[in-house]
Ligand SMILES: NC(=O)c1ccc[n+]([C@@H]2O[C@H](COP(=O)([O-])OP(=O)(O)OC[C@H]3O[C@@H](n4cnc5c(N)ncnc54)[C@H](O)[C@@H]3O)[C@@H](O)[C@H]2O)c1
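There is one chain below, alone, in structure tokens, taken in the form predicted alone.
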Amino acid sequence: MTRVGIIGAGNIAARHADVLSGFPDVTIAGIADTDPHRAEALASKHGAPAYGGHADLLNAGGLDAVYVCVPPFAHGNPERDVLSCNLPIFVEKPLSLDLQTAEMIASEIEQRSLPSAVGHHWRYLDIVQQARDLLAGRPVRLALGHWLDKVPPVSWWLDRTMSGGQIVEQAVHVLDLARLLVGEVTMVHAVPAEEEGSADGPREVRGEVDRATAAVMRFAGGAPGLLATSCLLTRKHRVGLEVCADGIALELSETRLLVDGERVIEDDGQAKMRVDREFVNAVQGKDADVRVPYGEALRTHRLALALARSAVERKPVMLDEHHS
């Protein structure tokens, strides 16, 4: 029986707990959250002990792996402490608010040769493999990404210093898919929406995330890309990636693949189960199809942070090809 600890007790942690508790060879050995009531509520649902902090969970011992499902601003210390216990680690995206923290964690995982995975479950969509098959031998020449949505119902999300903004916190899924289907990105230029201001120029809501961003990207293979994000809406409107290659256009969302604007292929809905199953397989030493270990997620995170930086600096940002 594989004993898994979970740090964090929010919505994403609850989703993983539901999936993991459905595996006959996994038991949830403890759940920690800085909000003890939330930890208790989720832990009691799964018959596990609750802890007020991740240090208490780790000190209790007996764990085979740990999931870190904390808000963007809380990454860093939990991962460091889990790795200091030499435990395999699953980290929910985004990896951190800054590159230095994520680079340090990646280095520690590599030095310890520990199994790792990051929650980019889109890589496990059945339709993604079908898209790759359809694109075989046809390089993508244009990519169009969208994340047009509402503000998520969590208190910290609109604070740039806590969430990192919409590109880092949400659209990173689309960026990860673009890297998979199109390749690495060498240049980005993001333009944020500015609120209409007074006579002395545009006015922004200080410290809040950009409510809309348009960005151009250049891929290493020569393809241009566009990314449009907005959190101005009242519901999720359009989230996904459209790619054009010679003689074919594909549009992918989390639920379906649209081929040439006509043929619809529905996803099988198993991606969120697969991402957990394959990580558990890796922890157990079995053949495992972990598609996004931490080091791979770091490349996507680096791209998201470059876009966020470009929006702040109002100028293009080049990505270091050494890291691609």
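Numbers for residues come from their place in the sequence shown, where the first is 1. Everything quoted here is computed from the prediction, not taken from an experiment.
Another form, the form predicted in complex with this ligand, is not on view; read the next lines as being about it.
**Student:** Using a 4.5 Å heavy atom cut-off, which of 67-75, 207-215, 129-137, 104-112 contacts this ligand in the predicted bound form?
**Tutor:** Selected stretch: 67-75.
**Student:** How about A9: is it within 4.5 Å of this ligand in the predicted bound form, going by heavy atoms?
**Tutor:** Within the cut-off, so yes.
**Student:** According to a 4.5 angstroms non-hydrogen atom cut-off, is R123 in contact with this ligand in the predicted bound form?
**Tutor:** No, R123 sits far enough from this ligand in the predicted bound form that none of its heavy atoms falls within 4.5 Å.
**Student:** If you check in the predicted bound form, is P88 within 4.5 Å of this ligand, heavy atoms only?
**Tutor:** No, P88 stays farther than 4.5 Å from this ligand in the predicted bound form.
**Student:** Within 4.5 Å, heavy atoms only: does R38 come near this ligand in the predicted bound form?
**Tutor:** Because a heavy atom of R38 falls inside 4.5 Å of this ligand in the predicted bound form, the answer is yes.
**Student:** To verify the annotation, which of these, Q270, T34, N59, S44, has a non-hydrogen atom within 4.5 Å of this ligand in the predicted bound form?
**Tutor:** The option sitting close enough to the partner is T34.
**Student:** Could you list the residues in 152-181 that come within 4.5 Å of this ligand in the predicted bound form, counting only heavy atoms and keeping sequence order?
**Tutor:** Stretch hits, in order: V154, W156, E169, H173.
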